[in-house]
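There is one chain below, alone, in structure tokens, taken in the form predicted on its own.
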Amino acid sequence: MNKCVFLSAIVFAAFLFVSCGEQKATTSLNAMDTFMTIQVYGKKPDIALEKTKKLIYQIERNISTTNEASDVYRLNHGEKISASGDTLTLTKYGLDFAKQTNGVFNPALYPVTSAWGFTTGAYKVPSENQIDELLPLTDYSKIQIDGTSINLEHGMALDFGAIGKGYTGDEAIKLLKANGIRSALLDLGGNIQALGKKTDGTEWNIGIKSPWTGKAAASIKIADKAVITSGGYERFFTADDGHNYIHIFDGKTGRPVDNGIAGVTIIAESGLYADALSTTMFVMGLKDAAAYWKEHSDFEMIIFTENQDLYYTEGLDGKLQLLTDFASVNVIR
């Protein structure tokens, strides 16, 4: 799934001395079906960036649904393999989070999303009979892990599109820290993750993309946080009946979500957690998402509705700057 967060400042590709022998370096790459940019500050930053790029490509090779050599592709096509640490971690996390959310988050929806064409681009609306036949194949409780083996029943398939980039961001941050980087900003295809603050001691200013105009609708200052958004406005198709179907699915119905939500942004310390939450809160809808936040309160949240209303959690009071007008602005307390 594409996560659509808008970086408010252009990242310039350069090597500059900033202080105490530290340098700024930036790089860009295409991975996980998206364009990524990374800027870092530290000693020998070019070495850290090269290691980070290799890490991202390695994770992609392990969890891709389309690379025939990947763990996930081979598992989805019935092979018995010894899974990599990346694949095992994401499978365990996905299953645990699915249980915690009573299946609202589901890493096993691939058979259904494929039937709608979101994995191939050959979009279509499946028949109700076809959806009913596929739904049993999305029962995540049937997935078993035995050591390094992941056991899927015939016809079942994994897809980490909803958490893969968040996990990758966390792993990249760990690697950068280990290589002496004290300040960094990662834009992994819209998934924004910050290491520390900017070198001048101020926080990073991150823009939140409007679901309606494509411009920044709001901004927020962060340090050591992830800012990750799920929105239905980037990936959708229009059916013959004129209805738009988005790429975010309700696992209980096997159909794209249609609940009045236009976008959900999560701010949390962990990219993996924020990635999973952004999808989950979108699927839950406004009322249940607000209730979930009140119960957990270890993240902050911004919700855009299709009626152009804005809702945000009270922890963002004084931190969220609105850059456009909304039909209404509401605080979740």
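In this text, residue numbers run from 1 along the sequence as written. Fair warning: this is a prediction, and the values are worked out from it, not measured in the lab.
The same protein has a further form, the form predicted in complex with a small molecule, not shown here; the description that follows concerns it.
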Answer range among 272-280, 289-297, 37-45, 55-63 for contact with the small molecule, defined in the predicted complex as heavy atoms within 4.5 Å: 272-280
Joint contact, 222, 227 and 316 to the small molecule in the predicted complex, by non-hydrogen atom at 4.5 Å: no
In the predicted complex, the one of 198, 142, 177, 235 near the small molecule [non-hydrogen atom within 4.5 angstroms]: 235
Contact residue in the predicted complex, chosen from 249, 245, 93, 73 - any heavy atom within 4.5 Å of the small molecule: 249
The small molecule contact at residue 106 in the predicted complex, heavy atom, 4.5 Å: yes
Any non-hydrogen atom of residue 161 within 4.5 angstroms of the small molecule in the predicted complex: yes
